[in-house]
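A single chain, nothing else alongside it, follows as structure tokens in the form predicted on its own.
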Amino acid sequence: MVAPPVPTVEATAPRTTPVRRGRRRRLTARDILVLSVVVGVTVVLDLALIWGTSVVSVLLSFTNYDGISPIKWVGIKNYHDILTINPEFGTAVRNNLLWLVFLGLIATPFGIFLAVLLDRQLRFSRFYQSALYLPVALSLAVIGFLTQLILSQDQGVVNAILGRTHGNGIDFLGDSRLNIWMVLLFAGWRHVGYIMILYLAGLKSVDPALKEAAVIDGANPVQTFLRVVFPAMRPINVIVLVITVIESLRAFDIVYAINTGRNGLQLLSVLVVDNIIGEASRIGYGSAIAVMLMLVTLGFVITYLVNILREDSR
């Protein structure tokens, strides 16, 4: 009998299908058309609605345009009047600075504190996150209406609980000594949830080995956070700082929804609206205030963009 042939390594090895390296598919004429339309429309809208209006505002700020009379060039007169004559400008600057201090020194640290607590995987932490983040889903205009509902002098919930109704209630929103603080409480309520989510995401990205090393070195939880975790979240810290400043400068909705910025609730954004589309119809003057606000905001926006690009390059 003839012995069967012994299989070789080549015969027993599994056959593999050669992998074909496909070419990159070239864009068709239809693809190019769709991309051109999508990108083109976006660029046109951006140039027209953002950059175009910004340039027009800068030009109008050097005129006395009121929407009716012919445009007359007045140079820096509007800026001079804003800084020397208008008393409301000083009140608006003070309120915007107060807004910044409140959000930066009270609301933001409280949001960080809540993020640290929720990062410890507390019981019902998901429920707490949803409840604390809920105000962020609401616009500031809606929060302004809620503020009226709660703090109104005649029909507010707080005055009803205190038993002070029918004209005897506390005028939380009309008294210039109280209204700014009441509004800041509700604006801070929304800001806390936003900061909490940002820092909660940042805490999840911190290397646990850093925390373990700090604990081994004898650091307590507070020292671990302040000396190890917080510096490790530098990108988040910069973003939060910039967002807080921009939020304080562009604050408008909640104040305008309550009483259109009257009785001590004046803000820079409210001054812009009152002068441009209000009864005064001082478009050139309002544009000058808008340009000043834009220049201050632009500095922080550039800081934010530089930080984002730097992180992307890394």
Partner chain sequence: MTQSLLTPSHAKQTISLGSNYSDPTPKKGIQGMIDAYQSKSGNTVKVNTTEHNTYQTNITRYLQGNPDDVAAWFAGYRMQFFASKGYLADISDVWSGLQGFNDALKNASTGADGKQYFVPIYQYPWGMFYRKTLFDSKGYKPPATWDDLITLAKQMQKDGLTPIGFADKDGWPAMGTFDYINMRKNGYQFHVDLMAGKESWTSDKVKNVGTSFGKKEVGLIVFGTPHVVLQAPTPADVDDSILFPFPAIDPANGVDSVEAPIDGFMVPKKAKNLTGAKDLAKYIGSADAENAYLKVDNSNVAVNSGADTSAYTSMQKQAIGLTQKAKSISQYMDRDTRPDFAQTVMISAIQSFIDKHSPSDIDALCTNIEAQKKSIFANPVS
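Superpose the two forms; the largest set of C-alphas matching within 1.5 Å is the rigid core. On a predicted model such as this, the values are computed, not experimentally measured, just so you know. Residue numbers count along the first chain shown, from 1.
The same protein has a further form, the form predicted in complex with the partner chain, not shown here; the description that follows concerns it.
Taking non-hydrogen atoms only, A251 never approaches the partner chain to within 4.5 angstroms in the predicted complex. Although the partner is absent here, D31 lies well away from the partner chain in the predicted complex, with no heavy atom inside 4.5 Å.
A residue is said to contact a partner when one of its heavy atoms sits within 4.5 Å of a partner heavy atom; D207 fails this definition for the partner chain in the predicted complex, lying far away.
At least one heavy atom of N259 is located within 4.5 Å of the partner chain in the predicted complex. Contact with the partner chain in the predicted complex, defined as any heavy atom within 4.5 Å, is confined among 229 to 237, 133 to 141, 212 to 220, 78 to 86 to 78 to 86.
Site annotation in the predicted complex: the residue of L49, I68, V37, V43 reaching within 4.5 Å of the partner chain with a heavy atom is I68. Although the partner chain is not shown here, in the predicted complex the stretch 132 to 155 places heavy atoms of just one residue, Q148, within 4.5 Å of it.
Core-aligned CA deviation for G278 between this form and the one not shown: 2 Å or greater.
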